[in-house]
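Heads up, the chain below is alone and in the form predicted on its own; it's given as structure tokens.
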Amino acid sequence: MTGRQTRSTIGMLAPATGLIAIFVLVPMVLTIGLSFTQWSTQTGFETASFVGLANFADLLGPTSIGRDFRAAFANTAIYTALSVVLILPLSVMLGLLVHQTFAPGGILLRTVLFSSYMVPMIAVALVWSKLYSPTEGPINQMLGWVGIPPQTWLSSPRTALVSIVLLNVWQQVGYFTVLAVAGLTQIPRSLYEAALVDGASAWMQFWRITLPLLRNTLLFSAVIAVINAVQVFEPVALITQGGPVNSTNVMTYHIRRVGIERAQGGLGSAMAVTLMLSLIVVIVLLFTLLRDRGEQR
């Protein structure tokens, strides 16, 4: 590459890398730095005082700070795990329905599924809060038709978090179905034809051909699903505000509560850093797990 080409490449990359540095890298470095300080968000950065690992010690300690943090972390982990476990199988099943050619309606189904992802999460949260209404919600009315009493979906600690998960699955599954369809289109049709000649059943074709060749797509989908689930905020902020009894108090909402409402910027930054490190560990484990399974195959 000549010097002129190098300068041209740098010139084309500079706007994008500059924006990434300003809006991603700088806030990330600033958050990491503030996590080692005691700082109030109501004052300037010059008032931050270095406290070392004291904030992280508080998060792991026996005080109310540590208990609330661990409860929010556990809620986030449960929410993320349930979302991924539901979204990935549903996206594959719906993707197979959309991708099939022996029955009409695949394009229409793809459009309907993806349209749910295009609806803003704020609107989805408001609509689902009405669907979950104990007295006039359609869900309880349909349950009443089969003799099941009304459920307090968002008012009970046992069902509130699961209700938010179902809301998220409905909104996200269309996007992941499109990803599954994209992966299915990359599988050569000749493999299925050869399997039919060998007498393989539809289940064996799925287990031996479709699922292994969807491994990279499922890995990408799992990573995106985990990242999306960890960032959940709107449904909690609009519907439950972390309740009842902190059963839906997830990390993003808890960080906002501590860092903004209580003005404990250093402690909130430490929570954000801990969440970021945990997310990195989970993503690395996903890559390692699926890579090892692929090598075993």
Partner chain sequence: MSSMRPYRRHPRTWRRGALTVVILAIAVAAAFPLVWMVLSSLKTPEESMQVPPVWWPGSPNLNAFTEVAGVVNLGRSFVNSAFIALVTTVAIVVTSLMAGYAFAKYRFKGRDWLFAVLIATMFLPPIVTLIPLYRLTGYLGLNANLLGVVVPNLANAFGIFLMRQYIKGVPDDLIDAARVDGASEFLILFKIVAPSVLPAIAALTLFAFVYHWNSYLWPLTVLQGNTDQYPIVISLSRLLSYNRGAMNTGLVMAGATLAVLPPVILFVFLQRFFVDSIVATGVKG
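Positions refer to the first chain, counted from 1. Being a predicted model, the structure only gives us computed values, none of them experimental. Think of the rigid core as the biggest set of C-alphas that the two forms share within 1.5 Å after superposition.
There is another form of this protein, the form predicted together with its partner chain, and it is not shown here; the text below is about that form.
When you look in the predicted bound form, the only residue of L88, L82, A195, L131 with a non-hydrogen atom within 4.5 Å of its partner chain is L131.
Put simply, of M204, I122, L211, L191 only one has a heavy atom within 4.5 Å of its partner chain in the predicted bound form, and it is I122. Although the partner is absent from the chain shown here, none of G144, A222 and V284 has a heavy atom within 4.5 Å of its partner chain in the predicted bound form. In the predicted bound form, its partner chain sits within 4.5 Å of a heavy atom belonging to P138.
Contact check for T248: no non-hydrogen atom falls within 4.5 Å of its partner chain in the predicted bound form. None of the heavy atoms of D58 is located within 4.5 Å of its partner chain in the predicted bound form. Put simply, G183 is close to its partner chain in the predicted bound form: some heavy atom of it is within 4.5 Å.
In the predicted bound form, W170, Y175, V178, L179, A182, G183 are the residues of 161 to 185 with at least one heavy atom within 4.5 Å of its partner chain, listed from first to last.
If you fit the rigid core between the shown form and the other one, you'll see the Cα of P212 move by less than 2 angstroms.
Taking the rigid core as fixed, one finds a CA shift for P138 smaller than 2 Å between the shown form and the other one. After superposing the rigid core, the Cα of P89 is displaced by less than 2 Å between the shown form and the other one.
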